[in-house]
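This document opens with one chain alone, in structure tokens, the form predicted alone.
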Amino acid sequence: MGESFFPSSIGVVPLLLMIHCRLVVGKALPVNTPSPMCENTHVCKPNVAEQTRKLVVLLNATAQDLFSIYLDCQGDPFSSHLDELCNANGTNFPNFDVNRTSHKKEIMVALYKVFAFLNASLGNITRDQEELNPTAKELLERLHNTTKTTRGLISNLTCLLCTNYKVSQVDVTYGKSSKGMNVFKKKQQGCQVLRRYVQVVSQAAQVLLPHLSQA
């Protein structure tokens, strides 16, 4: 082997410091770097608040049908033991712990947490149903449409949070990945998430109107 680049007399800690310095020399360090959440955010459209409210209203109007169709496609024992197998408390779905007296900023943060979780969960559920029920066209179409609407809503919420409320980071919780689960567990997790979604999006729709109409 060739001769070592660093003198043998250099200790471990000084050596690590030297390596670190070599890596950063000549490279400008980031100052006030925007968070990934706000990197591509620009000025919000004038109607973004009303559009956001309408998207939540749309999701609320279609949530129960999505859940019912999902349940029908899973068959027994889910359709006959709904309360036992689809207990909504069995998920990490974020609570919507705000009300009509809450500050607008708090409501936007709570919405972001809910729909970021939902977006990730819909990815799991859609993948599983494409595998388990590939011919269930209505279910798959509704899952895709809900995902599309949810992503549009997240985009609007991101703009409002970053631009109007100066929030650059939100602590988001995501559900368990269904990869590696057996068929029963996949069906059950989807059932639990969608049932909880029906409850939470209804709460969100009730709270939003007096706030976003004035945003």
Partner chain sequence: MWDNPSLRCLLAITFLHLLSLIYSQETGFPEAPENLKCITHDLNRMICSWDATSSANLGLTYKICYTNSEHFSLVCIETEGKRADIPVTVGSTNIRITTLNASGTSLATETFVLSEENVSLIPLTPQILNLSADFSTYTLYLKWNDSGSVFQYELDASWQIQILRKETLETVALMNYDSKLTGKDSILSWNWTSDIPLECTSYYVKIRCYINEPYFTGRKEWSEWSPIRTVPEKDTKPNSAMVFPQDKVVLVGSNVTFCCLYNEGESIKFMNYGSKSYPLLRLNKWSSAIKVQNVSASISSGTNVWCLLEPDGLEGTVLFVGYAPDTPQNLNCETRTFITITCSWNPGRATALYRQRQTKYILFERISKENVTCKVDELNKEHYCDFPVHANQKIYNFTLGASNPLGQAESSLLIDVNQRVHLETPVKFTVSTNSSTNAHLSWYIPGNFIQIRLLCQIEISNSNSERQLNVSMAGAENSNYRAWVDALHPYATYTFRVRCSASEHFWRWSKWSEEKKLTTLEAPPARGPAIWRERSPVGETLTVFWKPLLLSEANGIILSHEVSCYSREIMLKAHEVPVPLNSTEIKLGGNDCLISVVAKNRAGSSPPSRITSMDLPSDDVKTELAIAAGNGIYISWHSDPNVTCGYTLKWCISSGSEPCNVDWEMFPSNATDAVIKSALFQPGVRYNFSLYGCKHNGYQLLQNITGYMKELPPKVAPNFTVEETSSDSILVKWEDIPVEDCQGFLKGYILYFAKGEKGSSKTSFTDEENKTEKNITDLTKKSLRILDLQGKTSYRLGLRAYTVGGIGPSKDLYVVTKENSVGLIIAILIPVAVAVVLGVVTSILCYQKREWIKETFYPDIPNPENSKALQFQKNICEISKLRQQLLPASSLRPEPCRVPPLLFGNGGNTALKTLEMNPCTPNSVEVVETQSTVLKIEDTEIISPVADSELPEDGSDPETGSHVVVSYCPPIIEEEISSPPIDEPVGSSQVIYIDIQSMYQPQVNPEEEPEINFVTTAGYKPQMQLPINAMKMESHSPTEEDLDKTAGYRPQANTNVWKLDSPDSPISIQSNNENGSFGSPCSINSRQFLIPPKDYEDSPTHNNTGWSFTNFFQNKPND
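Residue numbers count along the first chain shown, from 1. Every value quoted in this text rests on a predicted model; they were computed, and no experiment measured them.
The same protein also has a form predicted in complex with its partner chain, omitted here; what follows describes it.
Segments offered: 108-116, 128-136, 89-97, 141-149. Contacting its partner chain in the predicted complex at heavy atom distances within 4.5 Å is 128-136. Within this chain, Q188 lines the site of its partner chain in the predicted complex, having a heavy atom no more than 4.5 Å away.
With a 4.5 Å cutoff on heavy atoms, P77 counts as touching its partner chain in the predicted complex. Contact between V43 and its partner chain in the predicted complex is not found at the 4.5 Å heavy atom cutoff. Residue contact check for H81: one or more of its heavy atoms lie within 4.5 Å of its partner chain in the predicted complex.
Annotation: in the predicted complex, residues L157, Y165 and L208 none come within 4.5 Å of its partner chain through any heavy atom. Here is the short version: of Q169, N182, T173, N47, the single residue with a heavy atom within 4.5 Å of its partner chain in the predicted complex is N182.
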